[in-house]
Structures are given as C-alpha cells and as structure tokens.
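Single chain ahead, by itself, as structure tokens, in the form predicted alone.
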Amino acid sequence: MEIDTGMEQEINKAAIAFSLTSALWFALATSMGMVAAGYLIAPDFMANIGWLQFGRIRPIHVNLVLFGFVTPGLLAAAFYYVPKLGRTQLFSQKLGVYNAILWNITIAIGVVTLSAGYTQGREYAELIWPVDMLIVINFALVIVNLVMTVRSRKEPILYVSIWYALAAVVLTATTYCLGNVIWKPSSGALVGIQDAILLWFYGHNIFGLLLTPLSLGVAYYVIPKVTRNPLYSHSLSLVGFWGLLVVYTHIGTHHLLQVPVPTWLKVISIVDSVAMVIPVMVFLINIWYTVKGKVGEIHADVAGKFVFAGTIFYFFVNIQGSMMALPQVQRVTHFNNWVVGHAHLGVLAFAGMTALGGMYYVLPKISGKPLYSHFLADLQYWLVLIGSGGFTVVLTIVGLIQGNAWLNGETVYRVLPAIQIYYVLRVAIGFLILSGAYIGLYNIVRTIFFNPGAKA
C-alpha cells in the first residue's frame, strides 16, 4: 500500500480525529450491546443498577453505533477522498479537528443523559433536545468543511463519491431536525399518528440518507483503487444516486402498516420499498463489474475485503427489506427479532464493514505510517464478518419462531423457553464482534501513535 509523506499527515488531522472517534465508540457500543444481550438471558442481570437497565442501555447502544461508530468512520474516509478527488486540500483541518472534538463531547453527553434516564422515548430519536441541537451543529460544521472544499476544487468533474458524501450530510441535517421535532424542545414530538409518521420518515432515512450514501461513496472510491480498475460505468453511478434519493425517501411508513395511517401513504411506502431493488442493483452491478477478474486483489487488501463484504451484505439487507415491506410477510416478521436481525445486517454488516474498510484504506495515507498490524486487521475482519453473519442467522431464526407462534395464537411467555438457546448463541456471537472492536481500536491507536514500524 502506498504510504504518503509526513506532510500528508499534517493536512489530514481531521480524518485521523474521526478515525479515532469511530474506533473508540465502536468498542464502547459493542460493550453496551453485550450488556443489553445479557438481560435477554437473565432479566435480573444488574437489576439494582438503575443507569444500566435494559431500557437505558438499549438506546445507548443504538445511538453509539449510529453516531459514535459508523457515521464518524465513514466521515473519516470522506474527509480524505473529497479533497483528493477535487485535487485540492480540505477547507480547514482545524475546523475538522474541532468538529471531531465537539462530536465526541456530544456523544458523551448523549450517553450520560440516556443512562440518567433523560430521554424523549422515541425510537432512534431518544436523545434530548440539547443533544439534538449539538448533533445538528456537528452536521452543519461537516457541511461547511466539505462544501467549501468542493468549492475550491481544481478538478471540474465531481466524482460520484462526492455526490454521495455531500447528499448524506446535507439531507441528514434536514431530516434530523424534522424527525426530532426540534421546534418543540419540551417534548421533541408531535401528537398522535402524525408523530409516528414523522418519526419513521426520519428513522428509516437515518439509514437511507446518511449511512447508505456515505457507505456507497466509500465503496465507489475504495473498490476501483484497490482493484486498479476504472469504475465500470459513471452513468450507472449517477442513475443509482438519483434512484436512491427518489425511492428511499418515502419508505419509512412500512413500519406502520398495522396502524391507521393514510392508505395512500402505506401504498407508496410498500411500492418504494420493493422498488429499492432498482438503485441497489444498479450500484451492485456497477461495483461488482468493476471487481470482475480482480477478486484476488480484493482479498489481498484488508480495506478491499471489508468494503467488498459490505456490498454483499448490502444485497441481502435490501432483499430482506423489500420482502419485509409486504403486508403478508409482516404478519410474521413484525415486532420480533427478525427486525432486530435486519437492523444489525444493515447497520453493522453493511455500513459498519464499509466504514472499517474506508478507515483501513485511508489510515496509512492520513497518518503517513504503515498499518501497525495487517494480521490484527485481518483478524478483525473475520471476527466482524462471522459475528455479523451469525447475528443475522440467529436473530432471523428467533424472529420466525416468534412470528409464527404469535400468528397461531401462542402467548408471548410460552414462546420464551423455545428461544432461550438462541439468546445464549447471540451473546456468544456478540463476543466475536466485541473482540473485533477492541482489536481494531488497539490497531488504529498503535498505527497513529505507537508505531515502531513507521519511519522517524
């Protein structure tokens, strides 16, 4: 892997800061996930410790994965490839570093407030109003830095990765304000069914308009670089970009098919959920044809392996998501562990693997040092890969058991003994992901700060 000069390190401090942010919170997020999984085996687990109860740990885990691990990891890559593709420098490294510091402060405040019981009680929108405002400010700072970088570019053509990066941060800043109802600081919510509609417009677009475009931007940059192949089709890349923005925006209501939302809105959400096959397959055809004949190069490069595995998981999460939007399928899959497995498949397996691949690709370039240990990076790859796949299989099985039992009139408590063994397996598989997170944190910290293999 090409190693850039020490000067390159000086102009990439923002990317370094966001890489460290992602690695740190990934370790803490998986730790919180293990605690939450423990409660499903032993409900009285740490029963007398209020700030570690399941109802507080679960939203901490979710928000740490979304905003602590995956988003900063993908942004770290964006802070590198946006100026590279524009043949310019990042608008302000100092702003980027301050942004990362504020980002960490925001996440830390979110963890403390949630553990203390301060919550708005809305899924994916649990954080209280002051934390919401800090998140919006963080995204605004990212927007300023990236937009001003693009404005000063020397390359006249905007490569598709830049399109995805800018769309992700601009659209998320908007949808976050809407979904968290920031104009109502006292409640952070509307009343009745309107709130549910707005919440799931935001909730699904956190994945569709933040994690997905940032992940696809990383894939479009890393895969051609690793394979040394030109992108198969720039036209297809733009078709996929606009297809994603047009189709994905309206699918959140498929979470509400069982409630009295307008029928026309349900129909749009179902149709667009199925239509998501189009932009997803356009992207996958483009990437996989770029890889054609170069699978060996992909598996010889740790960053390439992570990102390519992410594209495969993207295929499965899309097929699963399109099926889940069908009312007949939802009769079995809704409100049970099938949905939890689907979320882990999308956020951890697709976006998380892609974020790790993006960081491993840019890390030697932004630090001016070789990766501390390729062995540890490979070990993390296999731990996260097996863990993500195992999670999906186990939680899908549990969901099918629960859904079919409930559909046949069985009570909730009588189903619990049948799925206990799967919860034990879930914890065992979780240890793989937990180990991978801490190994990655060690590897990244050693690469940047304590790297005996680097030149003085």
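Note that the structure is predicted; figures quoted are calculated from it, not measured. For every residue, the number given is its place in the sequence shown, counted from 1.
Just so you know, the form predicted together with a small molecule exists too; it's not on screen, but the next bit is about it.
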Checklist outcome for this item: With a 4.5 Å heavy atom cut-off to the small molecule in the predicted bound form, the contacting stretch among 287-295, 145-153, 228-236, 121-129 is 121-129
Item to check | Non-hydrogen atom within 4.5 Å of the small molecule in the predicted bound form for each of 90, 161 and 165 | outcome: no
Checklist entry - Just one of 373, 322, 104, 249 has a heavy atom within 4.5 angstroms of the small molecule in the predicted bound form, so which one? => result 322
Checklist entry - Looking at 85, 385, 377, 317, which is the one with a non-hydrogen atom within 4.5 Å of the small molecule in the predicted bound form? => result 317
Checklist entry - Any of the heavy atoms of residue 276 lying within 4.5 Å of the small molecule in the predicted bound form? => result yes
Checklist entry - Is residue 30 close to the small molecule in the predicted bound form, meaning a heavy atom pair under 4.5 Å apart or at it? => result yes
Checklist entry - Can any non-hydrogen atom of residue 394 be found within 4.5 angstroms of the small molecule in the predicted bound form? => result no
Checklist entry - Going by a heavy atom distance of 4.5 Å, is residue 34 a contact of the small molecule in the predicted bound form? => result yes
